[in-house]
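Two versions of one and the same chain are coming, encoded as C-alpha cells; call them structure 1 and structure 2.
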Structure 1
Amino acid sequence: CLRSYPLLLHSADYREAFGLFDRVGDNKVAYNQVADIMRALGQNPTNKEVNRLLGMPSADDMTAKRVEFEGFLPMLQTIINSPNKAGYDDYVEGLRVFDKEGNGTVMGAELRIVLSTLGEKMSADEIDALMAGQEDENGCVNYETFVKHIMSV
C-alpha cells in the first residue's frame, strides 16, 4: 500500500496530464499516446513495456483503440514500480565496453550503430537529435557527459 501512496498523491496531476492528450474530448486517449503520457510524467518506459501493458495491440489498434484514465493509472503504477530502471552508472558501464582506449570516450560512429541496431532501435533523425553537439573534433563522444545529457532530455 505504501508504494501506491505517491500515485494517489499525484493523481490529480496525472489526470491533468492525461487530459492534455485527449484530442477527442471523451476522457480517453489513443493507445499510441500512452507511452508519451508516461514520459511526460517523468517515466521512461520502452515501447515494448507499454505494448505489453496494452495487451500487445496491432498497429491498427494502437491508433484506433482508446483507454480511459482509470485504465491508464494501473499501467502507470506498473511502470513506476518497475524494478528494471537503469540508472546513470548502468548506462556508463554499458558504454565503457566500447571505450577501446580507456580514456572515457567512444567513437561517435560506433555509438550511432549501437543506437540504431541494438535494443529499441532509434531512427537516424532521433540519433542525430540525441547526439547533436556531443562529438569532439575527432568524432569521439565522452560517454559520461553523453549519459548525463540523455538522462536530462
Structure 2
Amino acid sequence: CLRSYPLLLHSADYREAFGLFDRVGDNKVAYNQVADIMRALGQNPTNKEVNRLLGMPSADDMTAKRVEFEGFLPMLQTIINSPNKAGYDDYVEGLRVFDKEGNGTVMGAELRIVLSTLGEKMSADEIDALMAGQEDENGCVNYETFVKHIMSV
C-alpha cells in the first residue's frame, strides 16, 4: 500500500486531468483517449501496453467504448508500476543507428520514414508536430538535441 501513496496524493489532480478529457459529460472517457491521459500524467506507455490493459479492443470499440475514472485508475497504476525503462541514452543509441556520417545528425527524411514505417507507426501530422523546427537547412536533425527536446516536457 506504500507504493500507492504518491498516487493517492495526486489522486485529485488525476481526477481533474481525467475530467478534462471527458467531452460528453458522463464522467467517462473513450478508450482511445486513455493512452493520451496517461501521457498527460507523465507516463510513456506504448500503444500495445495500453491496448492490453483495455483488453485488446477492436478499432470500433476504441471509439465507442468508454471507461470511468475508477476503471482508469488501476490501469494508470499498472503503467506507473512498470514504467518505460528506456532513457535518454537508449534513444540516442537507437537513433545513432541511422547516423550515416557519424556526425551526430540523421536525415530528417530518414527519420520521418523510420517513425512512420517502423514500430507503432506515427502519422504525418504527429511527425510534423514532433519535428517542427528540428531540421537544419540541409534537412538534417541533431538527434541528441532532438531527444532532449522530446524529453523536455
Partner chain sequence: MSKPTGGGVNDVTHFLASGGAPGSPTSNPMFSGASQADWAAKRLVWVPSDKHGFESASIREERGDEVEVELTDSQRKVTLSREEVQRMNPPHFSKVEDMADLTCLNEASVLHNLRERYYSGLIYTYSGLFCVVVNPYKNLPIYTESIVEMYRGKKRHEMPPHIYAISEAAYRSMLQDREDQAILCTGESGAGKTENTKKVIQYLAHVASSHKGGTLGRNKEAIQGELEKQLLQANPILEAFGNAKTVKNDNSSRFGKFIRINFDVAGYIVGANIETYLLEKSRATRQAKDERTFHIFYQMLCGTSDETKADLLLGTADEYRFLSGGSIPVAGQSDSENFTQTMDSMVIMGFTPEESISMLKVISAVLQFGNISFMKEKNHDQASMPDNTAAQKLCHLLGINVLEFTRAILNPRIKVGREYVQKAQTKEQADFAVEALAKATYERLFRWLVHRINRALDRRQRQGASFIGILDIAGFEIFQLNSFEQLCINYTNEKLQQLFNHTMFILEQEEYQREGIEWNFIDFGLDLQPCIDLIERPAHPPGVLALLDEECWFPRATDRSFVEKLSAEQGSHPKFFKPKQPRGEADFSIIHYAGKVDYKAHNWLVKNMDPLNDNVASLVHQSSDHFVSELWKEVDRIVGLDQVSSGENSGPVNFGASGLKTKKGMFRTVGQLYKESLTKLMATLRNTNPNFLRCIIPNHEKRAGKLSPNLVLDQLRCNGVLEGIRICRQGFPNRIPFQEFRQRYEILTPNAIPRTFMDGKQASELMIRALELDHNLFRVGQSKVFFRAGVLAHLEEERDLKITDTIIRFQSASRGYLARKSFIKKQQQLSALRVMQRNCSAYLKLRNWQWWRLFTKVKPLLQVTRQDEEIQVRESELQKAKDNLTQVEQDYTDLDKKHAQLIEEKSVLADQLQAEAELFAEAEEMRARLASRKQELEEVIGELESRLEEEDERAVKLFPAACYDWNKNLHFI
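Computed from a prediction, not measured in an experiment: that's the story for all the values here. C-alpha atoms forming the largest set that superposes within 1.5 Å between two forms make up the rigid core. Residue 1 is the first residue of structure 1, and the numbers go on in sequence order from there.
The form predicted in complex with the partner chain is represented by structure 2; structure 1 is the other form. Annotation: Cα of residue 16 displaced by at least 2 Å between structures 1 and 2, core superposition.
Residue 67 shows a C-alpha shift of 2 Å or greater between structures 1 and 2 [criterion: core-superposed Cα displacement of 2 Å].
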